[in-house]
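Just one chain is shown here, as structure tokens, and it is the form predicted on its own.
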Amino acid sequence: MIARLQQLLAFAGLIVIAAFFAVATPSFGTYGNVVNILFSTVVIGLLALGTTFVIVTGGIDLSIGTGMALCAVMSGTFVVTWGLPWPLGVLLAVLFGGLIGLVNGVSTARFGLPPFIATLATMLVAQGLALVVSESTPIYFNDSPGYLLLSTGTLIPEFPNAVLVLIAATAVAAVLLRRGVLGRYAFAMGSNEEATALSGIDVTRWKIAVYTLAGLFTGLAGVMISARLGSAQPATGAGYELQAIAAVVIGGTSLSGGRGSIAGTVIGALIISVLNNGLQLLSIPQEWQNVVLGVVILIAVYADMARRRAVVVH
């Protein structure tokens, strides 16, 4: 009940923020700008979808930002450098993201490393590998128009394909979290991991599966951002992990695990995109945009702590 209330508050917050910017700047509410907001939500949204599963288990994944950049670079390597057909390159890049997630899962579930430390190490490794593989230079997809259309193309007029990809990924994630075995076990592990193990569930295997799934979403985000930019930038991912985690928390997923929803995560991602877009339209300097985002994150974390205290009291 309290979790649903926080989700509703997040949605109300989204409406209030959007209404404020609509009044403050006339161009905010135009169709083109709304599509632009949805377009800019794609990468954060995809990362946040996978992160939701991890946080529901009570874990954290700091590697998604640089992991995304590495997957983008690997996609460029497969398609541009190796000359593979772009659909195959996309598939391999997404699977490469799954491999990064698998490493995180094995490190935390099999070897017992704290998720913060394990994924911090993976973050640094991914950051270094992205620079090494790309030789610190962008990889351009100028000769792969099909790859670029994956993001900027329009199956529906004036509606980027990237947004359709996010909608499809959201539907898959929602079904997996609420209807799938993986989702049920993720909630169980986040609520009480010891009791879950005593009930006969292979916690190690399912936690590895959760991190691997998050890695697959990271790989897809890497493909989408490189398709949008028209190039694989090795330093693209810095800061994305914080925005994705913020989106998850703002949407009502508890950092202590056991509670969360995909709908809330999407609302959180939209709030961040609306804030970024509105502040840019108002010509607010980037440093002040970071201040505003930081305040929003603090409010979301405080709300999560208040919710946990309320649950304990009751």
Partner chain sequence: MRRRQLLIGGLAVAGLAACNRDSGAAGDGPYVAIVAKGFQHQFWQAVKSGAEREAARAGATITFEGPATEKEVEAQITMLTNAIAKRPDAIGFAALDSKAAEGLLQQAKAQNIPVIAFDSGVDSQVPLTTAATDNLAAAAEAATHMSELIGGTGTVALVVHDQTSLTGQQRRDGFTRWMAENAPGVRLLPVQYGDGDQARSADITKSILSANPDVTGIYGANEGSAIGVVRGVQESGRTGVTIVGFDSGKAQLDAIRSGLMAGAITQNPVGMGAALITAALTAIRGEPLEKTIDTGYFWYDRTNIDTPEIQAVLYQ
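Here the structure is a predicted model, which means the values were calculated and not measured. Positions refer to the first chain, counted from 1.
In what follows, reference is made to the form predicted in complex with its partner chain, a form of this protein that is not presented.
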Taking the partner as it appears in the predicted bound form, which of 92-100, 225-233, 187-195, 164-172 has residues with heavy atoms within 4.5 Å of its partner chain? 225-233
According to a 4.5 angstroms non-hydrogen atom cut-off, is Asp202 in contact with its partner chain in the predicted bound form? no
Check whether Ser256 has any heavy atom within 4.5 Å of a heavy atom of its partner chain in the predicted bound form, and answer yes or no. no
Is Tyr240 part of the interface with its partner chain in the predicted bound form - any heavy atom within 4.5 Å? yes
Within a 4.5 Å heavy atom cut-off, is Pro138 in contact with its partner chain in the predicted bound form? yes
Can you confirm whether Phe39, Asn142 and Gln289, the three residues that make up this candidate site, all sit within 4.5 Å of its partner chain in the predicted bound form, judged by heavy atoms? yes
Residue by residue through 121-137, tell me which have a non-hydrogen atom within 4.5 angstroms of its partner chain in the predicted bound form. Met123, Leu124, Gln127, Leu131, Glu135, Ser136, Thr137
